[in-house]
Ligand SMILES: NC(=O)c1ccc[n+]([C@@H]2O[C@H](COP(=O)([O-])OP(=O)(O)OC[C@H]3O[C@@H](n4cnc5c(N)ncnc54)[C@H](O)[C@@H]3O)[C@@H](O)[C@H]2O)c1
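Given next, in structure tokens, is a single chain: the form predicted alone.
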Amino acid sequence: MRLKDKAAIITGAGLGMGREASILFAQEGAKVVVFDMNAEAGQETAKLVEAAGGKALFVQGDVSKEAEVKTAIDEGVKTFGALHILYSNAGVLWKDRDKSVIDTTEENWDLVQAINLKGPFFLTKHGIPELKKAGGGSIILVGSISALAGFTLAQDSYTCAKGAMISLCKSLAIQFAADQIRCNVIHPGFIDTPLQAPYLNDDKRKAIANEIPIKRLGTARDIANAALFLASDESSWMTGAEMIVDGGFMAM
């Protein structure tokens, strides 16, 4: 019950890492606002949260739309009385459209930025005032190892947006430390989730696993476990930090 009496909003909670975190947070006592643009997936996550013994509120919306993010936060506070955890998980990975700067269209660049960067902006803009009212809380941003190293197979808009998470994290951590609001970023490595599934077959999974010291791809639960630590009071003296969860890939 590490999150007893806490309420969290998790964006992109319909599938993958967001769904796993929603379930895990609920098992640890949290009430969860499940925010996703996919109604079917989001409602299923809400059911899984309740099956795990937690309380869930599903709100359908697009993180790139400020009014929809604000509505989700307002509904969460109305339903649960407060918010204590902002988990900015929603993102897109479009390897077929987001490539090198010389190959990416302006439209596709802007779409990736709108979801992967404006989403966290809107969540923190409207969520931080609620954390202040609650007496403090935890902000968790999802970065990527793509923000820490260059790769031959470029996804430059995605990489830039994830790199911005580092700067945003540090800025929020310093701005709001006096309000007992912490902000940290998780950098996942190669995670086997529905977001990655279109680009992975068995041979590709084996090839990637062979490049990782621990010799496997990560799972959604691996990232959810890291997020649980950052959401809980166990990390109460940790802010402005980057947590790399990648099976040792970046240590090579």
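Note that residue numbering begins at 1 and tracks the sequence as displayed. Keep in mind that this is a model prediction, so the values were computed, not measured.
There is also a form predicted together with this ligand; it is not shown, and the following applies to it.
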| remark: Of the candidate stretches 175-183, 76-84, 157-165, 100-108, the one with residues having heavy atoms within 4.5 Å of this ligand in the predicted bound form is 157-165
| request: Work out which of 148, 128, 115, 134 lies within 4.5 Å of this ligand in the predicted bound form, going by heavy atoms. | output: 115
| task | Flag residue 142 as yes or no: does it have a non-hydrogen atom within 4.5 angstroms of any non-hydrogen atom of this ligand in the predicted bound form? | result | yes
| field | Non-hydrogen atom contact residue 244 with this ligand in the predicted bound form at 4.5 angstroms | value | no
| Closest heavy atom of residue 29 to this ligand in the predicted bound form, within 4.5 Å or not? | no
| query | Within a 4.5 Å heavy atom cut-off, is residue 231 in contact with this ligand in the predicted bound form? | reply | no
| message | Is it the case in the predicted bound form that 22, 44 and 226 each bring at least one heavy atom within 4.5 Å of this ligand? | response | no
| task | Check each residue of 78-97 against this ligand in the predicted bound form and list those with a heavy atom within 4.5 Å, in sequence order. | result | 89, 90, 91, 92
